[in-house]
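Read the single chain below, which is given as structure tokens and is the form predicted alone.
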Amino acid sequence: MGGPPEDASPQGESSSFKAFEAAGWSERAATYGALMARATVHAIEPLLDAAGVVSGSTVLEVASGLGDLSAAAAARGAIPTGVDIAPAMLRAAAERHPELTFVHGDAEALPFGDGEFDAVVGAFVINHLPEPERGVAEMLRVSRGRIALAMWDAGIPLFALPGQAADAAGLLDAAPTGPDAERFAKRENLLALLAGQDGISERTVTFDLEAASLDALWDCVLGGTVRTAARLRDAPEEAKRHFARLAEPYRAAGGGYALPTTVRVVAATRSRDS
């Protein structure tokens, strides 16, 4: 008697959140590429550069999604492998890039041997991990060279506006207990993940995410996020009205919208002492 129920334990919460994410991203395999992929693409070449990916490199893409980063590595002559927790994303990646290898796996328990890859890259995955330090340790473990991570900067409109719209509509978080989605949007927290490693590097990438219409932006939010979309589903029309109001300052002169966006890319080589 006494003690928390199994699903209220840290392990139970982690499992529930991972299952929620795996199902949510699988549901978005057909919609993620509409606009969200046009934002994440800006991190691809900087990530590959930071990880030192060149022709002949073996490279692991963690949370590979639709496989576009793996495809870009292959275009450099590298030999990529993608790993993802969402089965439908893996199927979509395999359909888009049938010549490449994609496997099912958990970023916090990578199904690969020590030092199996020349480089490991993770684009916008670290904020989704219940145990991010463990995820980074796994990336370092399976790399014999560098690891590189990309993360959104704090407060960018693409994610701030939907959250503000949900607040205005009085919508509560609908996801299972999970990691702080904004923790690694702070530069110091992201860099702290690599503390003690060698050759730490940092680069910021800035661009305007352009959308032809409010509907395109809204569809990006619903079809390219999991936790935010779950929060919005109870009152989507009311939340969308607030979103329209909040997005008005980002109207582009020629029509549509342009949302200023910043991505931070950090990288390191595993220390011999770690």
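Predicted, not measured: the structure shown is a model, and the values here were computed from it. Residue positions are given as counts along the sequence shown, with the first one as 1.
The form predicted together with a small molecule exists for this protein as well; it is not shown, and the discussion that follows is about that form.
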Of 228-236, 241-249, 208-216, 57-65, the segment with heavy atoms within 4.5 Å of the small molecule in the predicted bound form is residues 57-65
Within 4.5 Å of the small molecule in the predicted bound form, heavy atoms considered, which of 161, 193, 125, 93?
125
Let me know the one among 136, 166, 129, 151 whose heavy atoms come within 4.5 Å of the small molecule in the predicted bound form, would you?
129
Heavy atom to heavy atom, is residue 140 within 4.5 Å of the small molecule in the predicted bound form?
no
Are any of the heavy atoms in residue 118 no more than 4.5 Å from a heavy atom of the small molecule in the predicted bound form?
no
Looking in the predicted bound form, any heavy atom of residue 106 within 4.5 Å of the small molecule?
yes
Any chance 182, 185 and 263 all have a heavy atom within 4.5 Å of the small molecule in the predicted bound form?
no
